[in-house]
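Next up: a single chain in structure tokens, the form predicted on its own.
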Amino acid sequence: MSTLEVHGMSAGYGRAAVIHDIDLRVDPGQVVVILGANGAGKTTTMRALSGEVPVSGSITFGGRSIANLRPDQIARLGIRAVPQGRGTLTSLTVRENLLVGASCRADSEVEADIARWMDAFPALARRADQPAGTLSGGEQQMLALARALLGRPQLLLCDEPSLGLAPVIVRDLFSFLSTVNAETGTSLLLVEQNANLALNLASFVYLLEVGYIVESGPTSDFVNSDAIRRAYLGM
């Protein structure tokens, strides 16, 4: 059974549809990327999957329909999102942000997981009692990832994790995502403007153009692809 299956999903804002008849799937432990130019509908796709915008069509997770469930209901089922812009709760401390990520849990291992992700991101440990709004952009992205992982998700949705960050920080974040996938088996669905980084991490690609999936396949099919150049450069 796949982790996530989507068939004929359309979504938008008010009467304006942004994405149309989207079909995609993410299997257990798989890393999948959605590529496309600005305005292609990538963020709307991620918002639809996490329950932030109304959808039509079928979305199932672990065999259960999740179409039009609330974001908190979807999170409780094992999907966590790292939104574009990070979504940091700026008035709360770093530690309080992490506790928010664990709010759906009732087990005794929350503190151990907080320690684990602070070890992974030492900057967060140094600033544990500092308001999250005072962190740098890179540190806030680290916090957003750690907060999502505190929910022990089966599927992590990451929307443009490299946006606005320095290249060295981006490289470290993608290395971290690769490690999380390998060590925990967490499935990843990634929206990313940096095609080269995404293709190095993912095993399967969906190419989105003006709201439609126009091509899909294994990553190897998209290396040096004319479709990628057309999507990003109009060539």
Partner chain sequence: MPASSMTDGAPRTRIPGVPSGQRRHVAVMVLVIALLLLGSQAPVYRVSQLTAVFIFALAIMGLNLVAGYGGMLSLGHSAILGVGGYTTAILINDARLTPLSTIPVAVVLGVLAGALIGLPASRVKGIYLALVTLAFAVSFPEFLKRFDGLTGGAGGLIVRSRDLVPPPWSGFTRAERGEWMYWLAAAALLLGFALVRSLTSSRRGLAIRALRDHEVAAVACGVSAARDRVTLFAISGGITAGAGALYAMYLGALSPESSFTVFTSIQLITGLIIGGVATSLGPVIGGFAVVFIPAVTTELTNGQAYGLVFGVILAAVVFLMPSGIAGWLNGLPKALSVHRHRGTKHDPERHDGG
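Numbering follows the first chain given and starts at 1. Computed from a prediction, not measured in an experiment: that's the story for all the values here.
There is also a form predicted together with its partner chain; it is not shown, and the following applies to it.
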From the candidate stretches 170-178, 26-34, 56-64, 41-49, select the single one in contact with its partner chain in the predicted complex, where contact means a heavy atom within 4.5 Å.
41-49
4.5 Å heavy atom contact, residue 213 to its partner chain in the predicted complex
no
So, in the predicted complex, is residue 18 in contact with its partner chain at a 4.5 angstroms heavy atom limit?
yes
